[in-house]
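First, one chain by itself: the form predicted alone, in structure tokens.
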């Protein structure tokens, strides 16, 4: 099971991203994209379905403690980015309706659920995940926000520029391991 975090500036420029492979076992198995479509459409669009589902002919396994996570060979990253970018409009619509910082589940694409957290400075934290864990995700977003604020207080860091701090990355990963 994996989680994908994106931090976006107010102009929707990515400043940080993280992929975290959880050691917790998924609660249920998710169906592939092709199983949700009629059989006549799966043969006609086999290449598109393969790309969207993240599968490829060269499938790799990422080993984590307690099991392994299968992922496609290189196309997953682009599909995940597409899902995150596609959810930005939905996030902005929810932002107009609600004043909460944590927007919970704002969008869903196949097995991926998109959760968002909006800071008072209009930074967007987007998390793609496969299982429901509202309390853990909320705590994770609050930790990441606290780490982000500490990074912005650094006089050597320019606001809304990519975060390349090893300390920031290490602490976000530790928070992901703790809550996700």
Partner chain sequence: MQQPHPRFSVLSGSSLSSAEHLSPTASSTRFSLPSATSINTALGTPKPGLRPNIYDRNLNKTRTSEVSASAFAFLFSEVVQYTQKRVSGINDLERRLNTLGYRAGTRVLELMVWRAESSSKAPKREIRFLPALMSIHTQVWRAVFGRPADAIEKSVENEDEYMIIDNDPPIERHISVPKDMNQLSCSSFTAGVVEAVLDGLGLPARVTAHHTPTQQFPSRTTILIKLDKSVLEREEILK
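By rigid core we mean the largest C-alpha set that fits within 1.5 Å across both forms. Numbering follows the first chain given and starts at 1. On a predicted model such as this, the values are computed, not experimentally measured, just so you know.
The same protein has a further form, the form predicted in complex with the partner chain, not shown here; the description that follows concerns it.
With the cut-off set at 4.5 Å between non-hydrogen atoms, does residue 165 touch the partner chain in the predicted complex? Although the partner chain is absent here, residue 165 would touch it in the predicted complex, with heavy atoms inside 4.5 Å.
Interface membership of residue 151, the partner chain in the predicted complex, 4.5 Å heavy atom rule: Contact check for residue 151: yes, within 4.5 Å of the partner chain in the predicted complex.
Wondering, does residue 127 line up within 4.5 Å of the partner chain in the predicted complex on heavy atoms? No, residue 127 is distant from the partner.
Contact test in the predicted complex: residue 100 vs the partner chain, heavy atoms, 4.5 Å: Close contact exists here: in the predicted complex, residue 100 approaches the partner chain to within 4.5 Å, heavy atoms only.
In the predicted complex, which residues of 126-151 put a heavy atom within 4.5 Å of the partner chain? Those in contact are 135, 138, 142, 145, 146, 147, 148, 149, 150, 151.
If you line up the core, does residue 11 shift 2 angstroms or more at its C-alpha between this form and the one not shown? No, the C-alpha position differs by under 2 Å between this form and the one not shown.
Is the C-alpha displacement of residue 167 equal to or greater than 2 Å between this form and the one not shown once the rigid core has been superposed? Not so; residue 167 is displaced by less than 2 Å.
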